[in-house]
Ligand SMILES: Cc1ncc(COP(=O)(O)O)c(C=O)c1O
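Shown next as C-alpha cells: one chain only, the form predicted alone.
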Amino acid sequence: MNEPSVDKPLEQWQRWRTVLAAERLPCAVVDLDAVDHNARVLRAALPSPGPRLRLASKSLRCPALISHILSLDPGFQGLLTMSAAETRALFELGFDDLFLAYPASRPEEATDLADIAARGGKLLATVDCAAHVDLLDAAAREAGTVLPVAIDLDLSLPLLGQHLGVRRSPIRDAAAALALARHIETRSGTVLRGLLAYEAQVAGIPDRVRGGALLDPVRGLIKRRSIPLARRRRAELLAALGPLPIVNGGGTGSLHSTGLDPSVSEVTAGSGFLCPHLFDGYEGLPLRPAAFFALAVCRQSDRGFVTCYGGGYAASGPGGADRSPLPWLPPGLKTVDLEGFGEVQTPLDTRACPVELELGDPVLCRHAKAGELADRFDELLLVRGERIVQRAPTLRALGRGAEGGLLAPRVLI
C-alpha cells in the first residue's frame, strides 16, 4: 500500500499550524493547491478527445468549491446531484446542467424537479421503474412542462452467487430498458434523453486497500470481469433504444476504463478532487490529500499520548476501521485502539511523532469519504499556501440559514 506523498511533512504541519493559529477548532479545511493538482491528474486520466467530466456534487457539497473546480478546465461541465432538494438548491444558487442520479420518490420531490424544468433549467432526472416515470409525469403536466429523464442501468457483477456492486436499479438488460422506454413514450410529461450506467465495483474499489493486501488479487479479478460487462451492457441497451444525448458512466476509480468506452459521452468524478483516505489505493492516479478536519490538542493524560477535542466523524458504509478518519499531520500519530475517534475526545499515541505537541496545537486528520465531511461543518476554509482565501459555506449551512430552507430539514415533534 503506497501512502500518498506529503512533501516535508513537518513543514506542512507547521504551515497548517500557522494557517489555523487564530481559528476555532474543530474546523474543516481544503487545500486548493492539492485540489488543482488532483484536477490535472483526473483530466489526464481521460482520453483526448474524449468524454467530458461531470462533477459529483455529493462528494463536494460546497458551492464555492464546486465553482472553483468547474473553472479549472473547459472539459469539466455539469453536476451529478444526489437529491431533488439539493438539485433545487444548486439551481437556486445559479448552477445549471443538473443530472439527478437518484430517483424522486415523493410528490414534493417531483414538484421541485418540474419547477426547475418549467423555469428553463437544464435538467435530467433518473428513473428505473414505471412508478418513477408516473410521478414525474404528473408533476410535469401540473407545471406545464416536460421533464427529460435518464434510465439507470444496473452494472453489478453476478459472480459465484454474489451480487458485486451496489444495489441500485432493477434494469439489467435491453429488454427491461426497452419496456421502460416505451412506458416513458406514453407519457406527455416525460421524455427519454439519457442513460446512467455506473460500475461501482470498478469506480469505488481501490486497487490496493490499507491492511487488505490479501484481497487485492480478488479486487483485481472483480474489476477485470466488470469492465467488459459494463461496456457490453451499455452497448446492448443503446442498440435497443437508439442513440441518446447523454450516456454517463464511471467514477474516480474507473476514469481510465470508462473514458475508453465509445458509448459514453461523459464520466463522473468527485471524491478524486479531495482524495479522502479511501481513495489512496488507485493505480495510475497520483492524487494528493486535499480535505482535512483539524482538532485541537486539549490535554495530555500520559507521556507519549495527547488527547484532542472531538473527531468522531465516521463515514457511512459497513462498519470497520476503514470508515474511521486517519491522523495525518504531524506525522507518526496513531489512534488508541480502545477509543478510536470519539464524539467528545480522541486520544492519540504520539510516541512516533517527531514533534512535541502543545496544548492548542492542531492535528490534521483525513476523513474516509469526501462529501460527508461537509455535512459536519457549516463552512470549509479554502486555503492556498498559508492563507485562507475564502470561508465557504457548505450546502448544509446554506440550507439551514435560508428562510424556508433550501435544504432545511423539518422536525416534527
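The structure displayed is predicted, hence computed values, not measured ones. Heads up: residue numbers just count along the shown sequence, starting at 1.
The protein also exists as the form predicted together with this ligand; that form is not presented, and the subsequent description refers to it.
Contact annotation for S226: none of its heavy atoms lies within 4.5 Å of this ligand in the predicted bound form. For A374, no non-hydrogen atom is located within 4.5 Å of this ligand in the predicted bound form, even though that partner is not displayed. Not displayed here, this ligand is kept clear of T87 by more than 4.5 Å at the level of heavy atoms in the predicted bound form. Heavy atoms of G259 never reach within 4.5 Å of this ligand in the predicted bound form, leaving it off the interface. Of the candidate stretches 288-296, 308-316, 171-179, 250-258, only 250-258 has residues whose heavy atoms lie within 4.5 Å of this ligand in the predicted bound form. Residue-level contacts in the predicted bound form: of L155, L195, L80, L113, one residue has a heavy atom within 4.5 Å of this ligand, and it is L80.
The contact with this ligand in the predicted bound form, taken as any heavy atom within 4.5 Å, belongs to A269 out of L123, A269, A140, V133. Looking at 79-106, the residues that come within 4.5 Å of this ligand in the predicted bound form, counting any heavy atom, are L80, A101, Y102.
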